[in-house]
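Here you get one chain, nothing else, as structure tokens; it is the form predicted alone.
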Amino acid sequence: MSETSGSVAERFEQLYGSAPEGVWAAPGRVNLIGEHTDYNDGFVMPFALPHTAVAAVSRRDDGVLRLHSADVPGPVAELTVDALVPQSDKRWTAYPAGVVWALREAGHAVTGADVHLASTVPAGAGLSSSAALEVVVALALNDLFGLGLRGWQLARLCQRAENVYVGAPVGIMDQTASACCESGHALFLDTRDLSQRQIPFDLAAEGMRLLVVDTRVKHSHSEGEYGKRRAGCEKGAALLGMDALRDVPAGELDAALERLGDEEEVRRLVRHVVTEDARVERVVRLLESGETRAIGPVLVEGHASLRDDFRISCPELDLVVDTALAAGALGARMTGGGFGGSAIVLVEEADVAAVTKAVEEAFAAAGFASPRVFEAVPSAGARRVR
């Protein structure tokens, strides 16, 4: 952590002249399976990382919002809550400010705040660093102003902040994972009605590990390609007369693709979303029946679909998957929005070192920047820590 909860509180006092009313943390996430299904009303299965955004916060009653980050050089940013306007801010401050805007727009009396933030969630790695930032601020304000909102409600408001205020067309998964995940579990989430089921996911007890390989290739959801994929999915649903691609039964996929005729790009997007929803349900069944190792091939299928149908992989992500599998991994796939970011690798505990070495050597041989490899341990969702 770039700063502990104690040092975040100390830095807050240095910046603002008094101790914070509290300190909160919200995690990044890894998505085990279910990619680009969330904005199609489908199924996802993320779990929270131990990496968190931490916020020291105090209330204000004068309509002033002051923001500072340990991770972005610069002075305290001072904003006026009445003057917050969607898509007017292209800096990091848009994320916490957007949360304040969304809460106020929903009728909640947030009258200002002093905020100091620090995060260990790798930015641009497809691990939801922005969602962690949003959720930690939302939880702090919920507690301080006594708003009484539940985790899923905070997630909805944070999604609105990112969609409308920041201008990024993200789905609901990242914010819900950060707000609602539980330690030692993956979250089986139906993004249509936000119903949730915590699925036990303790790989260490079964002699396995899940590695995250951050390729260090950066991406931005608010730019171009993500939005194009989402628009293509919406077009597919409209052409099929459905509210969302979630409504296409897996058993009727071939017939649906035929109905789309020569809309080849839309056909690929539809095929990915429908088969990916089915993969999420398969993984849930396997985990609940104790067949954890059997999820490996499902992860590989998911990567192939993202690479070939959704077309959002990149050479670095493909190299991670191919190299890890060749070195003995049980399964691997890209995770996150695509065009960079991270891959996940399911390995036997005894194979961690060999797989890690193989991936690092493959990147060196290809002339890529050295990847960051770490173990993903299913961790707790957002909470007050001080």
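Please read all numbers here as calculations on a predicted model, not as lab measurements. In case it trips you up, residue 1 is the first one in the sequence shown, and so on.
A second form of this protein, the form predicted in complex with a small molecule, is not displayed here; the remarks below concern that form.
Is there a heavy atom of G331 no more than 4.5 Å from a heavy atom of the small molecule in the predicted bound form? The answer is no: G331 has no heavy atom within 4.5 Å of the small molecule.
Mark M173 yes when one of its heavy atoms lies within 4.5 Å of a heavy atom of the small molecule in the predicted bound form, and no otherwise. M173: contacts the small molecule in the predicted bound form.
Residue-level contact is defined here as any heavy atom of the residue lying within 4.5 Å of the small molecule in the predicted bound form; does P46 satisfy this criterion? No.
Would you check, heavy atoms only and a 4.5 Å threshold, whether G341 touches the small molecule in the predicted bound form? No, G341 is distant from the partner.
Among 343-351, 28-36, 48-56, 320-328, which stretch has residues whose heavy atoms lie within 4.5 Å of the small molecule in the predicted bound form? The contacting stretch here is 28-36.
W92, Y226, F188, F201: which sits within 4.5 Å of the small molecule in the predicted bound form by any heavy atom? None of the other options qualify; the answer is Y226.
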